[in-house]
Ligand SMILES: Nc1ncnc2c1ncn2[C@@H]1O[C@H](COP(=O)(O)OP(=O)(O)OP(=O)(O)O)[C@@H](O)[C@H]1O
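Below, in structure tokens: the form predicted on its own, a single chain.
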Amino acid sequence: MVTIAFINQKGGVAKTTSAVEIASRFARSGKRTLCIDADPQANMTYIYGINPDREGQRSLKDVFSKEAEIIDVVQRSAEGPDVVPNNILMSNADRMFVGVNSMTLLRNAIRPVAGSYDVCIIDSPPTLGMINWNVLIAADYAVVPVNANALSIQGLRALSETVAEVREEANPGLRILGLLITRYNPRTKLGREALPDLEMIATRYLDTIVFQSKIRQSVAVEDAQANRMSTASSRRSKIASDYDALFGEIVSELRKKGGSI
């Protein structure tokens, strides 16, 4: 099983949207796909048609608490991926889960199901706390969605430092698959001027690429999410084509790097 985390400590960069879109395309391509919603905001959970607040529903918190195994928590979505849901109860994870093994809870939890899936997509919260350390330690690869603006670029430095620490201390095999430019508008000067900076950061600090595919701003993805689905299952649109192209790039990069997908 190849595990890919969609991660950025900055919010508003279409991280959850991108994780859902790519996971749905893996499932539609015939790959056995597991989604883990590691964000207490539970947007991935909601988009896949699962009520994050349903009474008695097991979630990632139960897995981290060792009150349930991943297999006991997984739910099948209408689009195909199996989903480990989350909810707001996980928002205090930094205080709830402490100790020697607290940073490897997710990696240890997914090992027993690794043989049952081809790919695991993890959506992460917009922080660099305990949950995202777990996500990066569990992942083989990371995709970093980023807006083409100064604030989003500035935040990449903190992420690069965290990735370096994770590699040194717990997951030396972690690789950044690529930076993904989202909410892109090629007609703006800001968007065009940000590209060289992103390419420099990708090469110099993250040892990765900037994906050629860029995700444009579009209401089509919002319409799809309102109907609790991805654009892979909805009416065709420009943004669906963007994510189709990105999916092809991700598969190509995985194969170049030896990912068994």
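Worth saying up front: this structure is predicted, and the values here are computed from it rather than measured. Sequential numbering from 1, following the sequence displayed.
From this point on, the text means the form predicted in complex with the ligand, which you will not see here.
Trainee: Counting non-hydrogen atoms within 4.5 angstroms of the ligand in the predicted complex, say which of Ile215, Leu198, Ile50, Met229 makes the cut.
Mentor: Looking at the other structure, the residue within range turns out to be Ile215.
Trainee: In the predicted complex, does every one of Lys10, Thr16 and Pro126 come within 4.5 Å of the ligand, counting any heavy atom?
Mentor: Looking in the predicted complex, the three residues Lys10, Thr16 and Pro126 all sit within 4.5 Å of the ligand (heavy atoms).
Trainee: Using a 4.5 Å heavy atom cut-off, which stretch among 215-223, 28-36, 59-67, 199-207 contacts the ligand in the predicted complex?
Mentor: Checking each option against the 4.5 Å cut-off leaves 215-223.
Trainee: At the 4.5 Å heavy atom threshold, is Ile239 in contact with the ligand in the predicted complex?
Mentor: Yes, Ile239 sits close enough to the ligand in the predicted complex that at least one of its heavy atoms falls within 4.5 Å.
Trainee: Any residue of 23-51 with a heavy atom within 4.5 Å of the ligand in the predicted complex counts; write them all down in order.
Mentor: Counting only heavy atoms within 4.5 Å of the ligand in the predicted complex, the contacting residues of 23-51 are Asp39, Gln41, Asn43.
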